[in-house]
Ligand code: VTB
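The chain that follows stands alone, in the form predicted on its own, written as structure tokens.
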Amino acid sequence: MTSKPNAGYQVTDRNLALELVRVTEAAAMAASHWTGRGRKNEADGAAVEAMRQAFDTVAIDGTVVIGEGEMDEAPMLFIGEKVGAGGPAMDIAVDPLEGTNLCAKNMPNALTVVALAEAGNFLHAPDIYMEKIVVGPDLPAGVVDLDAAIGINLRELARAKRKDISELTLCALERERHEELIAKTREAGARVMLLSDGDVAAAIAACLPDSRVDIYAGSGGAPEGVLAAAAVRCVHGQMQGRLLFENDEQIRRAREMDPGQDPSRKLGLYDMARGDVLFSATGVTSGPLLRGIRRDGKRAVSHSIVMRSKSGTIRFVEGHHDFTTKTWSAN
């Protein structure tokens, strides 16, 4: 059930969308200094620091619910940290640098990502794995199901899209744990696109008409799953997920973060991201979704996507930046 937005949020959400772009731009600019240098920790640290500083100017009373880890694991943007300059109470989900290895190796699809919703509307997920399946908009509700065999999902998706299965492309992370998924997909006759990292970008790609991705499936990080759910909400796609536990401590932590719920339940899209949602991402390295930061001395050009679930509007924003007036990106 969709929550009713508060009056302050209704008035300011359009401005907040642009403010979120500034936040992801700041992180991307800082991380871009380390692109191709083989130092992923430095790139991530620069993105985190720049994103945290940029949040100080955003007119919200924000709480990080998906962040860099627990309070004792991260110096900033940790779960529970308060950010913002004051305003409506909001949940914040961040990945200051999705694809740290991609940035370090100058490979495609490194992004900086932020999502925002009213307080209490994002799933509070521990840093564990989540099984996921994503398809795009304008399809029958429930056309795919997390518990169905991939061959059945591909058959139903092909029928809904009026395509042959051989025309479908499934995107997944290239991991040993996905070998059966990949084999069954090819056995069914569909193509497979494999990514080394970056499942938020992959989930978005499954929802965009020009991406050549029809379905995203497999397991990846649960925090990234919540960010992906925010993006999928904005483009009116479909997504299901389920937390994957390795031990009792992870189950205990999940119950603590989402009290009164079965932690192993199948999660619908609105279980992960409810109410009105804003999403922004900026490219660090170029990929199918976004162009990376182009630096030229004291200037740079950024490319971002910003989306609102209320309107379903998708905007691509090109920013031209002067480092002499932006201290957070001068390194």
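Residue positions are given as counts along the sequence shown, with the first one as 1. Model, not experiment: these values are computed from the prediction.
Beyond the structure shown, there is the form predicted in complex with the ligand, which is absent from this document and is the topic of what follows.
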Original post:
Does Gly221 make contact with the ligand in the model of the complex, using a 4.5 Å heavy atom cut-off?
Top reply: yes
Original post:
Should Leu173 be counted as a contact of the ligand in the model of the complex, where contact means heavy atoms within 4.5 Å?
Top reply: yes
Original post:
Just to confirm, Gly241 within 4.5 Å of the ligand in the model of the complex by heavy atoms?
Top reply: no
Original post:
Is there a heavy atom of Gly99 lying 4.5 Å or less from a heavy atom of the ligand in the model of the complex?
Top reply: yes
Subject >> Answer option from Lys105, Arg177, Lys163, Lys184, heavy atom within 4.5 Å of the ligand in the model of the complex >> reply: Arg177
Original post:
Which residue among Asp258, Glu156, Asp197, Glu118 has a heavy atom within 4.5 angstroms of the ligand in the model of the complex?
Top reply: Asp197
**OP:** Tell me the stretch among 91-99, 186-194, 77-85, 118-126 that has any heavy atom within 4.5 angstroms of the ligand in the model of the complex.
**Re:** 91-99
